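First, one chain by itself: the form predicted alone, in structure tokens.
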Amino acid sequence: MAEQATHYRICPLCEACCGLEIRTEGAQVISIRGAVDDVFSAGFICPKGVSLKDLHEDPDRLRQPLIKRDGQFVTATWDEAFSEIERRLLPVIASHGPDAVAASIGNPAAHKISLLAYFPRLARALGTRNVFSASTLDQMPKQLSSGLMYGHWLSIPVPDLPRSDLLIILGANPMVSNGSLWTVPDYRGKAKAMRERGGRIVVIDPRRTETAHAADEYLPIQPGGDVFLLLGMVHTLFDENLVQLKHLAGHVNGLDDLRAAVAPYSPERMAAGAGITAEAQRRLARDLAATERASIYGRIGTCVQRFGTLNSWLIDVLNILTGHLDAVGGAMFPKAAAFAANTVGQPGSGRGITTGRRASRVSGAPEVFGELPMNCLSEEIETAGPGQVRALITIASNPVLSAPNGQRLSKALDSLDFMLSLDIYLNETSRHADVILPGLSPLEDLHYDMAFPQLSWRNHARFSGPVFAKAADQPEEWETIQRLAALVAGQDWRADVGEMDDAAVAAEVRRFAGAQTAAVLAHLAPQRGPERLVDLALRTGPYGDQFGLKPAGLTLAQVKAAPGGIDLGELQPRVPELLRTPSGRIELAPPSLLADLAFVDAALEQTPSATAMILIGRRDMRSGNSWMHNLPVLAKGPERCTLMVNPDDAERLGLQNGGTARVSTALGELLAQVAISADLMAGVVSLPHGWGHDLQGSRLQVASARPGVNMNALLDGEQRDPLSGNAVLSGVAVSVTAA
């Protein structure tokens, strides 16, 4: 009989990052359950965790490189694939320069340390200005506002839910997501415990979400009305003398500038745009100010709209002005054990952030966090001239489905001289590639979260190794990235990858260790790849052993020896230590944000069409990245890609539950199954993102059987928040008729 074993694994399928207990028999997974001993998730698991078995065993998952020959994909060896990349990609760079190659990285990379840690090496080797990611389809407004206020892109405060008495949730659904830019597994359990001890939760959203159903109060808001609500609340704090900076009083700049900037935006003036009465706005502000331990939290609904950066900024402003930022029970800053820039260098001040170091060639969109807006990729391929994108490398990225106007991008991809995809599936984007290099199954790969401990409800350090051995000829994903970096840099990609990694790590260590470089590298030996990077980051991090200077400090060996992770305690106040702004203070009134307020006045004057409906997105527990629709355990059950419609609107439009509606904009139309629900406010319809698996050439058997429709095909790719470059994916006017 095959040997049975039990493995600990961190789930890589959403931001909750739950610990899993996986039982195997030989090469088969026989059960997946929540790891009870996990110090962070304590046994919680959602359906996505169980689907790791389906993902590992999926016959559609790519296991060998593919090369396109005469329009058809054929399997190839790794050497054949790299030889083809060398033959096709290097001439593009030689003839047209580095900007002729673009790179796009998707959000699954955030759960793959091999990709997240090594992609910067590839980007540097390419030397291109054309770097794109899923961040400008999701979270860039919050990263930008955090960078402007606190000095770093990932200094993002999160609710201290276990010690809170009031949480106001705006445009977020953590009951389903278990946090987004807030890593909080089992939000349901934590919220229930909060309410049982007398705490209150208020949810503000155009839809009565799963989170709203379990809250104490629900307020519907006009899609896109968040900026009006937030300005009305901030105005109220000044107008009613409710501002109380408390412990932050000596750590803020720009209070008077902020007061003057919000003076024109009274709740009475904002009520129509928000769809929330002036009295309700004032009451929310008063409650936030009067509650000792409280915070307001906003997420993707506040980001994927024209005023995403203003929304993200004003949410933090409200927490600061009520004394709830960096306070127990309020919005606090995690202190990650590794990879957090706000834990290294001189504490309390820094260089801050810089944006607009370059701009996109066609639209002139500014670079933010080293990236250009994903919405700009199509035009950069289509528009002739110096710097035109002629080749593309995608890494775990599916913008044909995830970005607006994917049909335009799809056509543009067909015009490229060369395209390379690193992906586990032949999907709607990678079908355009000339070469596809497959990644590992998550169960064949080690795991350490680089980003999410910086957003976690509790400080911790966890590591999990591979459950199964990879195929002998399959390289590690970091090795693939390192080899590509060598290739585009004009080096011999056939050289020893380990030696390449040694040289890169030695150069990194030399920057801070100087004459002690050899000694530091000896401490890290014989590790290579991501394990060495994790050990280096842990040992030099805020809890680390500093290579023997703090003998009780963390090392990777210690974390590995604790299968459920190491608990590093509750969140603690971090201001001013966390700050990396040049002033050493929180910047309440960044000039670029104050300037954008002028456009709020213009938006107030806009009159919505009397006949148009407003389209918003939504999230489902069983759906995250688009490839999850190919996993049977997640795909089964009722139809999830439905057009949610309010009963009054359905009657007015002649729509029947389970019937079909035609949804259209100037870009096109789609037919969607109707789901009538009183949870949605009148005048609004809702579709989930990431569907539309009916495009010819992809190989997703389960997903294509129930393809759904792609709402992004209705969205204008030129609409974005000009500050962050984030795409407008919600609050869009559409026509809805019975089909």
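Values in this document were obtained by computation on a predicted structure and should not be read as measured data. Don't overthink the numbering: it's just position in the shown sequence, from 1.
Absent from the display: the form predicted together with a small molecule. The rest refers to it.
Figure note: of the listed segments 559-567, 663-671, 467-475, 418-426, the one touching the small molecule in the model of the complex, with heavy atoms no more than 4.5 Å away, is 418-426.
Contact annotation for Leu409: none of its heavy atoms lies within 4.5 Å of the small molecule in the model of the complex. In the model of the complex, none of the heavy atoms of Ser698 sits within 4.5 Å of a heavy atom of the small molecule. Among residues of the shown chain, Lys190 is not one whose heavy atoms approach the small molecule to within 4.5 Å in the model of the complex. Taking non-hydrogen atoms only, Gly224 approaches the small molecule to within 4.5 angstroms in the model of the complex. None of Arg207, Arg539, Arg580, His460 but one reaches within 4.5 angstroms of the small molecule in the model of the complex through a heavy atom, and that residue is Arg207. Contact with the small molecule in the model of the complex, judged by any heavy atom within 4.5 Å, is made by just one of Gln454, Asn130, Ser145, Gln305: Gln305.
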